[in-house]
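Read the single chain below, which is given as structure tokens and is the form predicted on its own.
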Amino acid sequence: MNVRDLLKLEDLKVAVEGDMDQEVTGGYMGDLLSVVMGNAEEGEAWITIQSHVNIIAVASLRGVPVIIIAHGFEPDEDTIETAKDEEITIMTTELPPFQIAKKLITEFGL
């Protein structure tokens, strides 16, 4: 599946449209950036409540094509602009991290 396929979930909205054709191979959920840097794998959708610009650096470093910001948090302008530059998609949801992860697993088998 690719990033665009995630939009089949009504709970997700696009905050930044990056490369929507990138492949999504799994998922990773975490908020501590150093742990995500050490453990997220290329191609995984990353679920977090973090919304600051440093998430883009981590996603770029690890080859994460899409960041899902959960619990109603929204990215700031610096994060949005940096995500555009790096072509990393940011999606947001009102759902808590566990609930959106459950939907990704149920709907897409991630």
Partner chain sequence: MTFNYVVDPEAPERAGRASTRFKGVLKELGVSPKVIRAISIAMYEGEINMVIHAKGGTIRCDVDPDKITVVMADVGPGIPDIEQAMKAGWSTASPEARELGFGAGMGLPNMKKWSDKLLVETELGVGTTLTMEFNLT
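Residue numbers count along the first chain shown, from 1. Keep in mind it's a predicted model, so treat the numbers as computed, not measured.
What comes next is about the form predicted in complex with the partner chain, which is not displayed.
Remark: none of the three candidate residues (5, 20 and 25) comes within 4.5 Å of the partner chain in the model of the complex, counting heavy atoms only.
Taking non-hydrogen atoms only, residue 37 approaches the partner chain to within 4.5 angstroms in the model of the complex.
Although the partner is absent here, residue 72 lies well away from the partner chain in the model of the complex, with no heavy atom inside 4.5 Å. When contacts are judged by a 4.5 Å heavy atom cut-off, residue 62 counts as touching the partner chain in the model of the complex. The partner chain is not shown here, and in the model of the complex it never comes within 4.5 Å of any heavy atom of residue 11. Residues from 44-81 that approach the partner chain in the model of the complex with a non-hydrogen atom closer than or equal to 4.5 Å are 50, 52, 53, 54, 57, 58, 60, 61, 62, 63, 78, in the order they occur in the chain.
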